[in-house]
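This document starts with one chain, in the form predicted alone, laid out as structure tokens.
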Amino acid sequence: MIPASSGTGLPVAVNGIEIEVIRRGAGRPLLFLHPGIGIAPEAPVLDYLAEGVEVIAPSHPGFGHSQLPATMTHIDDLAYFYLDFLETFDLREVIVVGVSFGAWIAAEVAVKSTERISRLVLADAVGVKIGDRTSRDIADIFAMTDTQFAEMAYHDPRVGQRDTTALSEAELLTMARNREATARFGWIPYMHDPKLKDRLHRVRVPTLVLWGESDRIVTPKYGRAFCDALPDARFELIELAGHFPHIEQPETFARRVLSFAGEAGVPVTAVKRASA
């Protein structure tokens, strides 16, 4: 049983690996897989989602305060970790929602097994190569300054600007761990798995591909191509949002997810409550 958590994440163990997990709400389980920048317990999107489902939002191994075994070096390791996570806590009919790096993990999980998954939501995903070998599909986030990243990743760059001098030591450590772990899993080959695109036909659950209309890290054109590679998927844009629509438009993001989840049996009243 995953402990309830309305504030900071609480530790849970999966195969001896201790990670922090935020949990709130009730109903059908929704596994939220965060992007490389991590997920804060106070993120509004978690509360909006929790109005209709039980939200389970772990920090990936190596991110936040979660442990990172030395043997975990590849995106596959994270995918198999989450398959173990679902099994350890006997989660079934799960709605898996991933954003950016988290959507890449979600896709890698789904091509391996959808036995415990009912629906899949991929928001501004990375993870596949769309263009030819000389074309850059995904902007090089490791070559950007924080200001440049904010301009590329957000509809309103001010949303992504942070005064690092005002952050606590714990917050700076979390930021550093998130960046280091993102590089560890996404450096070579850069932010994609060369085999994933040809495996997407194995995703045997309905999929919603959400995309921030102003995303310049991976453009909507990339998103549509990603969607086209999935056997049962639809593509939707979110206006006034960039690479992290769950941050810039949290209520709209949650409403789209819960509406899609409602097609899988989540009570309609819960969906209406979140969209009110």
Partner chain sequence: MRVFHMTEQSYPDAWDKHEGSLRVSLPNQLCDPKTAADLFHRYYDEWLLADELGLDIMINEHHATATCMCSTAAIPLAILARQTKRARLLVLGYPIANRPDPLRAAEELATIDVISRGRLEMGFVRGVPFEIPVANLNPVTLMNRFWEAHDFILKALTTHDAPFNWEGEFFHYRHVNVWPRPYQEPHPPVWITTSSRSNAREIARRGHSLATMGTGYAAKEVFETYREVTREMGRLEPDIGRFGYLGLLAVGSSEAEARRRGELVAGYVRTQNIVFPPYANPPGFVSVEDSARMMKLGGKRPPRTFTRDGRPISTITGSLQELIDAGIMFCGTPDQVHRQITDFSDAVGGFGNLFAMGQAAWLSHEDTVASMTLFAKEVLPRLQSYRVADSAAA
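Numbering follows the first chain given and starts at 1. Since we're looking at a predicted model, the values are computed, not measured.
This protein has a second form, the form predicted in complex with the partner chain, left out of what is shown; the following refers to that one.
K.L.:
Note which of 204, 116, 197, 177 lies within 4.5 Å of the partner chain in the predicted bound form, where distance is taken over heavy atoms; exactly one does.
P.N.:
Looking at 204, 116, 197, 177 one by one, just 177 meets the 4.5 Å heavy-atom criterion.
K.L.:
Can you work out which of 145, 161, 88, 135 has a heavy atom no more than 4.5 Å from the partner chain in the predicted bound form?
P.N.:
Looking at 145, 161, 88, 135 one by one, just 145 meets the 4.5 Å heavy-atom criterion.
K.L.:
Evaluate residue 92 for contact with the partner chain in the predicted bound form, applying a 4.5 angstroms cut-off between non-hydrogen atoms, and reply yes or no.
P.N.:
Although the partner chain is absent here, residue 92 would stay clear of it in the predicted bound form, with no heavy atoms inside 4.5 Å.
K.L.:
Given a 4.5 Å cut-off on heavy atoms, tell me which of 94-102, 177-185, 107-115, 125-133 is the interface stretch with the partner chain in the predicted bound form.
P.N.:
Checking each option against the 4.5 Å cut-off leaves 177-185.
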